[in-house]
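In the block that follows, a single chain appears as structure tokens, in the form predicted alone.
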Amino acid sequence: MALPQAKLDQLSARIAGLHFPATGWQGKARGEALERLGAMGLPGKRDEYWRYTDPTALTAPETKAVEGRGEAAFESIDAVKLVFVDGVFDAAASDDPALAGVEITRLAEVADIHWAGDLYGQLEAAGQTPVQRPLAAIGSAFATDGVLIRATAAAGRPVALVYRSESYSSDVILHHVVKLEEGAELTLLESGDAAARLLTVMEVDVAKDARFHHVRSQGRTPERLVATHIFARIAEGALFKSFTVAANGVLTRNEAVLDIVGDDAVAHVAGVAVGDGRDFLHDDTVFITHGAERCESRQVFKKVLKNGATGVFQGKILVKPGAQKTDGYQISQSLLLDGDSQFLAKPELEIYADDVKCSHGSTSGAIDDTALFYLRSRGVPEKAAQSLLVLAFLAEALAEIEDEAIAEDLRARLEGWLDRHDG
């Protein structure tokens, strides 16, 4: 069915100023993404998975200027740094990609046939069913750059994608493709304030017995707009882990679409968000499909909100017929530090196998007065006691990070946020 004229006009306005590179090995995939986008149109508040989050700022033709810049995380981590400034790769500020011990090329510099041709846009396309994700299609059709990473063994060092911004009005679209061959292992870090408005797509193919760790720190500048998408395919015996910490940001929407296709695979996605003020809205939307036997998935999300901030969680576990012995766990919780903030949650289970263990839960609450009194009675100042209880609340999510040095880096950033925001 053709899109209504109003939807067509809205879409035309959004993509009018975007560059569409229709040639080269990406041409076919980009064209197919554009066709998908034309059939879907842009998201609106009436869409089921956007009813809690108004996408207008993400779908507008232009974005407003943003002042202020936040620093990147993971500076203390021995990683190979690849730097993008307003979406443009900065070779002078980056390390030699060869130091990571994996194959790394850039989307913008590869013109010939490339291994990523079998993946680019393909996982995103598969992830459009049963829920349409139009912003991800924009990322596949119009991305200006990104990294293409292939690991054939264990990487010698983590790879850190560092996003910097010098323009106050930059509007950036990036698309990354990551392929882990059988038995390979890679840690990928992301951090920094990339742009006034950032849209990213990451497609990750994790082969048999491979291990992928993804940790992301989203910037501290309050006015920025962010929409991210991770599409992953996880094979037999493989491990996929993704963790995000977010502080501030006027609108952040992180989507993860994970497809478990091999037996005995593990997929974990987790996150922490801390927000202060009525302009803060943070949305985690997750869809995990179990299509094989004896697989495990975990969704662990914690949000700390104050002064009218809003947190959103939409998470689904789909267990297909035959996916026996599935172990699916989902928890979303918020800590509301005042009476003005709100947490909106939509947990879902859809199960078509009869030998599974699946659970979901969602809670909202204030700081435990009894625990606060206990700490105060032992001489801990009130604000310090509140910070300790907040960090204890976040501990379950932070425990999803296997590398303790990385976890400690993020824990310190959260402590700093609490100090700046009076606990």
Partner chain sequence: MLEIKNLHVKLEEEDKVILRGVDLKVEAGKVHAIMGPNGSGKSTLSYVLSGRDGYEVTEGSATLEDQELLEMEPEERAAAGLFLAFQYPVEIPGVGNMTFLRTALNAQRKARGEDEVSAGDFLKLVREKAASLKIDADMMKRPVNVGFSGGEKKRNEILQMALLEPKMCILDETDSGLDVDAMKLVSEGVNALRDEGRAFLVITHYQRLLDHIKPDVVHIMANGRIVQTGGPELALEVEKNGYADILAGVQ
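Remember, it's a predicted structure, so these values are computed and weren't measured experimentally. Numbering follows the first chain given and starts at 1.
What follows is about the form predicted in complex with the partner chain, which we do not show.
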* What is the one choice in 39, 57, 388, 356 with a heavy atom within 4.5 Å of the partner chain in the model of the complex? -> 388
* Asked: So which of 61, 361, 27, 381 reaches within 4.5 angstroms of the partner chain in the model of the complex, heavy atom to heavy atom?
  -> 381
* To do: Report whether the minimum heavy atom distance between residue 376 and the partner chain in the model of the complex is within 4.5 Å.
  => yes
* Does the partner chain get within 4.5 angstroms of any non-hydrogen atom of residue 366 in the model of the complex? -> no
* Contact between residue 392 and the partner chain in the model of the complex at 4.5 Å, heavy atoms? -> yes
* residue 34: touches the partner chain in the model of the complex, heavy atom cutoff 4.5 angstroms -> no
